[in-house]
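Next comes just one chain, in structure tokens: the form predicted alone.
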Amino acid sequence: MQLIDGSKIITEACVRAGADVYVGYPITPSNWFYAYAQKRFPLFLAGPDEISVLQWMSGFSAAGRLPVTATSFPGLALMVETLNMAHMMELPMAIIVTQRLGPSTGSATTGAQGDLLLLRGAISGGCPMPVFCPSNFEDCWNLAYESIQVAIRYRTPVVLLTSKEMVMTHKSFDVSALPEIKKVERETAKVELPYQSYRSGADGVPPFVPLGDETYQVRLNASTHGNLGLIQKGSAEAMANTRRLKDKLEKNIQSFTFYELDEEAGADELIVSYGISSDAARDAVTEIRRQGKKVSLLVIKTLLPVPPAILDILERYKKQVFVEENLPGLLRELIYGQARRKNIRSVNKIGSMIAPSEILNEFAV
């Protein structure tokens, strides 16, 4: 048993999974990652600002390293342009986002769930980017590992979406219960000759060859490009290559779909939550069942792209209650848009965490 926080668990998992560079700028409430990374990563660099951080990470990734950083909303906003560059160049990296209370920068010491739709629209043109969201310390460990694995396997930036309460609150926790993490080994690139930097196989992912390779001429390009990595604007090859960036994630999403489903037979009502609000949802489900009512619980851990498996679960329930710590109901809006649905309700809040009693009020007769 240790008194530990999510920052340390995530940091340790990333290093064990094979992340070997941390580039950071200390911004609350993600600054403990900055502190822990100095002790655990093989290489640590302190960036002067968040723009530089992601630029440096892109350079390391292009050279074959696996970089990680952590930030919050203001830093993420500064990173968005370079994030688009890394997405188009298909550079593996992991970005830990610790959410603040919104709107704007909000309070640096109050956790919330306010950045989901920002991440949904962060990549120009609406292209998807994998976003995982831990709901407890076990998820911090497992999803950090999956973030590294998915970044490498699909050549993409990956976001681990957390909150202040998840990564800065100390809890007594049995670390021996966590599964062993083995380093994610990069396979030797299976290159089809003649080598073209962005020619992909059946999985839609081009083999990764780092810059500086002595055998192949590697071109990485953040503009619209064809298989050779040379700028092409409207050619069929360039457009197909751009569509591939979307398809490679959506076609392979089953391999990184994570959720927790506590399904009760005969229930027609489903509570849906994610991240820091999940514990309140779990407690509420326990109490609702104690009162003799039937209810199921869905905790979503792969938020983006929205997995078809999640939509399949939602379609099975006539009534749904979304529990999330923001005012508009961002997850509900992500799935259902602005459409009004009388059987879709929400428990929303800012300023403090959602209590189980506030969820129970939705079920009061």
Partner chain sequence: MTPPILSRKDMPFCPGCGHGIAVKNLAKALEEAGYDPLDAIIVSDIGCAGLVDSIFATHTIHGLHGRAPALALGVSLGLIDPDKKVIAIQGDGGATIGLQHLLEAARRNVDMTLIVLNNLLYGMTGGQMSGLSTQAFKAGHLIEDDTPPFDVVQLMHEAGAAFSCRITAPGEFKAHFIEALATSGFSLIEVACLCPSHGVKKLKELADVAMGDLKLAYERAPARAEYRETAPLFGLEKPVATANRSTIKERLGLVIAGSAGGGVQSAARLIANAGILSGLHVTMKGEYPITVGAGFSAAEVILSRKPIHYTGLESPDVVVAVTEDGMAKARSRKKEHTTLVLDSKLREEAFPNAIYGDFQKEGGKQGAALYAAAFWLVREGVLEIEALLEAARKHKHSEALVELIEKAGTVNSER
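Owing to the predicted nature of the structure, the values given are computational and were not obtained by experimental measurement. Residue numbers count along the first chain shown, from 1.
Note that the form predicted in complex with the partner chain isn't included here; everything after this is about it.
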Study note, to complete from the structure: Only one of 144-152, 124-132, 205-213, 246-254 has residues with a heavy atom within 4.5 Å of the partner chain in the predicted complex, and that stretch is 205-213
Review point. Do residue 21 and the partner chain come within 4.5 Å of each other in the predicted complex, heavy atoms counted?
Key: yes
Check your understanding: Taking 4.5 angstroms as the cut-off for heavy atoms, does residue 269 touch the partner chain in the predicted complex?
Key -> no
Point to revise | Contact test in the predicted complex: residue 220 vs the partner chain, heavy atoms, 4.5 Å | key: yes
Exercise for review: Report yes if any heavy atom of residue 343 sits within 4.5 Å of a heavy atom of the partner chain in the predicted complex; otherwise report no.
Suggested key: no
Review point. Would the partner chain in the predicted complex be within 4.5 angstroms of a non-hydrogen atom of every residue among 90, 316 and 350?
Key: no
Check your understanding: the partner chain isn't shown here, but in the predicted complex which of 294, 170, 190, 182 has a heavy atom within 4.5 Å of it?
Key -> 170
Revision key, fill the gap. Picking from 237, 262, 287, 279, the single residue whose non-hydrogen atoms come within 4.5 angstroms of the partner chain in the predicted complex is 279
Check your understanding: Counting only heavy atoms, which residues in 1-18 are within 4.5 Å of the partner chain in the predicted complex?
Key -> 1, 2, 3, 4, 8, 9, 11, 12, 16
